[in-house]
Ligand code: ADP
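Single chain ahead, written as structure tokens, the form predicted alone.
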Amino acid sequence: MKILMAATEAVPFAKTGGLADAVSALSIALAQEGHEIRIIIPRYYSIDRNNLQYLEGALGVPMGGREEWSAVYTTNLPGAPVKNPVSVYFIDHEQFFGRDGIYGVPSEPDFLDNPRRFTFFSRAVFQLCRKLSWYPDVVHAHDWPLALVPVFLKYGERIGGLAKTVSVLTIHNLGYQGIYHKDNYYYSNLDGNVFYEAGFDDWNMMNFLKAGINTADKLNTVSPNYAAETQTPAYGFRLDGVLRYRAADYRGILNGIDTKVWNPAIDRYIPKPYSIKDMEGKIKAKEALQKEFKLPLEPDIPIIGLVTRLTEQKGVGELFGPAYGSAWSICQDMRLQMVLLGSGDPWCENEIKNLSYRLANFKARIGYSEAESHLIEAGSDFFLMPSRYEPCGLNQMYSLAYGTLPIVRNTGGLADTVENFNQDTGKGTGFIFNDLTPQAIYNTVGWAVWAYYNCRAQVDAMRILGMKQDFSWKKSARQYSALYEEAIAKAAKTS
């Protein structure tokens, strides 16, 4: 199949989160399966044009009653098969993308013109296909900024070489939908009746993701459990009814991880590689982690690691909330050490700094470091993720690959990837709690620490079981291939 990935991010070119990793890793895995894959993203200031090849001729995109003009650059995606390379195309529009930030900057987290920026980019997807005379079987759009791709395809672009093209929309996080004033709609050049027919209308506003969900041939999200959760009022962010309506075309496909980067056997960021056959490197990583964060060098004390965004979604209120969060009591009452790397809400950053100053067994770094992130995964005994909701989650999979047992809430992809410890059988790969409360976090951390001191052989067996799990993208790529084939078959039946 010929597949076009349409996204706002792709490593190593532009990244704000896991979306960028997923787009590139999935593209490589699909190319390894023999599919012809191409990627289209904007050319931001951070992407140096000198490292790209310019495609002759401007790209015209009809928008808002006029023509928008841009340049197109290209290069190959690093890591893709040599015999089946993945081409990446960059839409270079100075007014929309020639700036710092992908979606916004600290002073303006959501650029005022984002609805126009991503409406333009969504339509440029089809103009690029015509410029290249390359017409995909599937155009795969990612998240709300590209949710207009299936809308444009259904209401005007499915002609000529694109007559048999189908659309797939992946929802990476339903909490972000692209809701803007409906005055932005006219810029799309779509007929006025499409606003209601495609389902843009959202309390007199314009909802990008809602329209994409209504019009895409097939839909998916990034874990099976999150697909089920998003069809309920508790996790549906007001779109649960739309997703239930599209349930026959909606499924969850678990994200994979890059096993060339997150693999303790070849990790260049840890003191000594290790594997199931030789775990000495994990012992050395623990010592290095204690030294790096200036903790007492106690090899037999359990370390709880966290690498996280300090936002409400990640459960930081219940963990670090002043006067009610459980982190203080955990560190005071239990013989353990806790290490955190992250940044986010200012109140939480300040509270973490305060805890790090007051507690001898709690140390934190505000910010992000790739090297420290790897060291925390390798050197910790447990990894804490008390998420309010988690579409897929990657750190729990990194943790399992490194023999670090996750302590997670029973939600989203966390529930799909972690098996709860059963004291009677000694089986499991982590520790799971249901209710997001300070007491539940406290109790579950206490349970894990108790198991560390009293069921050490079982804990060690859990480590090995976790390291045996296969979270590579190969399995996910095959599930996406099946989804594409279903979309094509469905379109053929209705044509």
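What you see is a predicted model; the values in this text were computed from it and never measured. Numbering starts at 1 and follows the sequence shown.
Keep in mind the form predicted in complex with the named molecule is missing from the figure; the text below concerns it.
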Residue contact check: K353 to the named molecule in the predicted bound form, 4.5 Å heavy atom: no
Taking the named molecule as it sits in the predicted bound form, is G342 near enough to touch it, meaning that at least one heavy atom pair lies within 4.5 angstroms? yes
Partner proximity in the predicted bound form: P322 to the named molecule, non-hydrogen atom cutoff 4.5 Å: no
Partner proximity in the predicted bound form: S373 to the named molecule, non-hydrogen atom cutoff 4.5 Å: yes
In the predicted bound form, do G367, M385 and L394 all reach within 4.5 Å of the named molecule through at least one heavy atom apiece? yes
If we take heavy atoms and a 4.5 Å cut-off, which stretch out of 355 to 363, 234 to 242, 280 to 288, 305 to 313 is in contact with the named molecule in the predicted bound form? 305 to 313
If the cut-off is 4.5 angstroms on heavy atoms, which of these, F208, Y398, F96, F152, is the one near the named molecule in the predicted bound form? Y398
Which residues within 117 to 155 place at least one heavy atom within 4.5 Å of the named molecule in the predicted bound form? none
